[in-house]
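Quick setup: the structure tokens below cover two forms of a single protein chain, split into structure 1 and structure 2.
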Structure 1
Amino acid sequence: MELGLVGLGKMGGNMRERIRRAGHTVVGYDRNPEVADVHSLEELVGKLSAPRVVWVMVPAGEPTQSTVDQLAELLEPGDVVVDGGNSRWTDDEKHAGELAAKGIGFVDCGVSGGVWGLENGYALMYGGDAEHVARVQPVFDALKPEGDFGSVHAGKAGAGHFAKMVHNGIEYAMMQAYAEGWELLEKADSVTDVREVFRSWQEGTVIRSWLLDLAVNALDEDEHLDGLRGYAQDSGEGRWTVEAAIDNAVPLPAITASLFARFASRQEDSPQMKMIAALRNQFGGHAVEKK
């Protein structure tokens, strides 16, 4: 099938390549002309045969809103817009309504996989009407990991990003647990090789995971993380998860504490946050602050 893809950064560029490897045609637009296939949204829409599918992969908030607004004027009834960025689910509900008024379908898709997705595939959580999801299904099938799992039609518009938000909240808590354990091991005089303790956990233990593998990668690169500052940003989804928990009266003590720990990292050079920063860099290519 044909796909228009808006946003060719760390995620979008690799997604374009993976979709093309599956035999589909991708027309990509980015503000950086060096990576773009076309030079404007107008040109992108003109290159696609109707009915069109355009996947938006730009930062949440105003960049996404602006792109959706422009596409609403350029696309035609029967076309479909997919928001694959990290938008808040409430924005999805708004966009679905705005586009529906013009006869344009909308699907929201939470995407997980970071810089490893090109080779390993991307976990996908999508929301929207079944008929619109079906239009995009060949692209979902191209992006997902091999096998029976790795993608889900989570529900109506907004469900995909809500599921991805909760995924990221759990990710916060898991990283925090590894970071706290690492700091305690580093402080104990009796433990002389913390890196190898972490490595030993990769097989046969109940806490083995891809995040643990990435922690070992980070320690192989810098055994005590001496080169990193203990500072970790939050992408917004952790905050949204806690806000949704409050709205639904669901207790999330571990996820909430992990979010607050990131706030604390901005007040001092936290050893735990060195591990959080290293893990975010390993799985997502997020920037780290060097000492």
Structure 2
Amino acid sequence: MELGLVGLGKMGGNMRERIRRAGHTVVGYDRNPEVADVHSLEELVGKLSAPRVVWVMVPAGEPTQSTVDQLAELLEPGDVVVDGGNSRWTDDEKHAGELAAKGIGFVDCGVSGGVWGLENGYALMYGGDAEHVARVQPVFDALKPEGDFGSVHAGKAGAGHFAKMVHNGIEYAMMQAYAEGWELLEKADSVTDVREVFRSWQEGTVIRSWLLDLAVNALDEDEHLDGLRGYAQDSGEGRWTVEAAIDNAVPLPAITASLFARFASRQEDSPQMKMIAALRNQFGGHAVEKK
């Protein structure tokens, strides 16, 4: 089939390659002319035969909104827009409505896979009406991993990004789990070779996983991670997961702890711990560290 693909960054570029390898035609647009096949959204739409499918793979928020707005003007009834970026699920509901008003279909798709996706395939979680999903199915089949799993029609528009968001929330807490265990083993003096313990866990244990394999890779590159700072960004999905939990009155202690640990990792000094130090000084004359 033919696919228009908007956004050819690290993810989009690799996805174009994987879809082409499956025998489909991809017309790619990017603001960077060096990677683009066409030089405008107008040209992209013009090169595709109706009914069209256009996959948007640009950053969430304003970039996605403005792309959807432009496509709403350029496309025709019967065409379908796929948002494969990291949009918040509430944006999907809005976009689906805006496009439906013009007779254009909408599918949202959460994509997992990172730099490994080109070779191993991308896990896909998508949402939207069955007729619109069916139109995109050949592309989904090209992108997904070999095997029985790796893609799911999760529900109506927004369900794909919602499922991907929860996936990332789980990912935060799993990473935190390994990280906490690693720090404890490194700090205590009982285990003499923490890396080999991690390596041994790759088979036969309850905690074997792809993330564990990656942890071993990382330790093989730098046994005590001496070359890294303990500093971690967070993407929107972790925050949205906690917000969705609050909306639904679901307690998420481990996922939220993982998000907060990232917040704290980015602080040069902790304001709240200054207040703790100040209070200790007030009531107990405890020594505080002055700057």
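In this text the structure is predicted, and so the values were computed from the model without any measurement. Between two forms, the rigid core is the largest collection of C-alphas that superpose within 1.5 Å. Residue indices: 1-based, along structure 1.
Shown as structure 2 is the form predicted together with a further copy of the same chain, with the alternative form given as structure 1. In the core-superposed comparison between structure 1 and structure 2, the C-alpha atom of residue 19 has shifted by less than 2 angstroms. Core-superposed comparison between structure 1 and structure 2: residue 279 shows a Cα shift of 37.3 Å.
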